[in-house]
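In the block that follows, a single chain appears as structure tokens, in the form predicted on its own.
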């Protein structure tokens, strides 16, 4: 039997429309699309023997040079916002040395998006760190929080409140801590739970300091944290097994989600980012359930997890912080499956809205087929195909479908 209080049956929705001010966007990250980000710890990790990374990022999607093409595509889809990250290692290539050229590049991006009627949603940290920071201990060092806040203040001051529509401080700090210091599949590639917990605490401190820094440098810009969340399911053949499985969940969720949700108090929004669920038995984590589709990254096709995590973020924070879905999507070569996944996920968002949860927007991950970290270029999350040799962008049928949803602000029948 399965204990799953977070999965709820779909409500009967009288209208398939979203609220009038609901926002629609798509997202990318600098290292995954820009290309040539050789001065960060991820580039070094990709080229380290034994890292397990499928292939190096290389030129990625060449978006450092082709960002105008990307902005044109976002505009052609009728989306009102585009979430992208700024690369710390370009802006501060050595400690205390600031690249005005890199800052101006991101300012031009913001201006170009604004000119197209698209709100720039700026993420200040998306997985990568300058090499000089990694050499000084990276996120294992408590003073990294202050260094990051200094970076945020400098970047936010240069971009300004009139350019940034929404600021995300740190993308999925729980994933960085877990994958870098427990699984060892992110830099620095170690496995030490005690250090992982310390890294998580340093990220929390960095978030709080960076919220203050961005608000001071760009007054009036909404600031929040984006968090990776899963629907957590307990599985067991007896009440005792279920209780043991739930105990595992409570322990894991405590340091993977709850401490970060607690750190969002006073923020302007929480960015919920969800892709699938995690199943736990009395002995620990389980694989996919028999009969459930699995995807290229090894997890289950489970679009209903989005509604479950929205509900949980709302519950844990006491409904004090509005929610924006800042990432949700599917890595697949089957574009019909992408549409099916996104439709089910959005039906869950409508359910949450009907229950009175303050969900203000949805962001599909991702705009482009891009570098998917340790998996290389295998998983294809994009609404847009990118030719690996010519960099030609080709929107998929799912892009057309998603555009129709955004333009109508409703799910089609």
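This one's a predicted model, so the numbers in the text were calculated from it and none came from an experiment. Positions refer to the first chain, counted from 1.
What follows is about the form predicted in complex with D-gluconic acid (GCO), which we do not show.
Chemist: Could you tell me which one of 129, 171, 144, 210 places a heavy atom within 4.5 Å of D-gluconic acid (GCO) in the predicted complex?
Modeler: Contact with D-gluconic acid (GCO) in the predicted complex is made by 171 alone.
Chemist: Among 297, 252, 286, 339, which has at least one heavy atom within 4.5 Å of D-gluconic acid (GCO) in the predicted complex?
Modeler: By the 4.5 Å criterion, the partner-contacting residue is 297.
Chemist: Honest question, do 32, 275 and 365 all end up within 4.5 Å of D-gluconic acid (GCO) in the predicted complex by heavy atom distance?
Modeler: Yes: each residue has a heavy atom within 4.5 Å of the partner.
Chemist: Looking at heavy atoms inside 4.5 Å, which stretch does D-gluconic acid (GCO) contact in the predicted complex, given the options 344-352, 384-392, 66-74, 368-376?
Modeler: Looking at the partner contacts, the answer comes out as 368-376.
Chemist: Under a 4.5 Å heavy atom criterion, is residue 231 part of the interface with D-gluconic acid (GCO) in the predicted complex?
Modeler: Answer no; every heavy atom of residue 231 is more than 4.5 Å from D-gluconic acid (GCO) in the predicted complex.
Chemist: Determine whether any heavy atom of residue 87 comes within 4.5 Å of a heavy atom of D-gluconic acid (GCO) in the predicted complex, and answer yes or no.
Modeler: Looking in the predicted complex, residue contacts with D-gluconic acid (GCO) do not include residue 87, since no heavy atom lies within 4.5 Å.
Chemist: Tell me, yes or no, whether residue 92 is in contact with D-gluconic acid (GCO) in the predicted complex, where a contact means a heavy atom of each within 4.5 Å.
Modeler: Close contact is absent here: in the predicted complex, residue 92 is far from D-gluconic acid (GCO), nothing within 4.5 Å, heavy atoms only.
Chemist: Hey, which residues along 313-329 are within 4.5 angstroms of D-gluconic acid (GCO) in the predicted complex, non-hydrogen atoms only?
Modeler: Heavy-atom contacts to D-gluconic acid (GCO) in the predicted complex: only 327.
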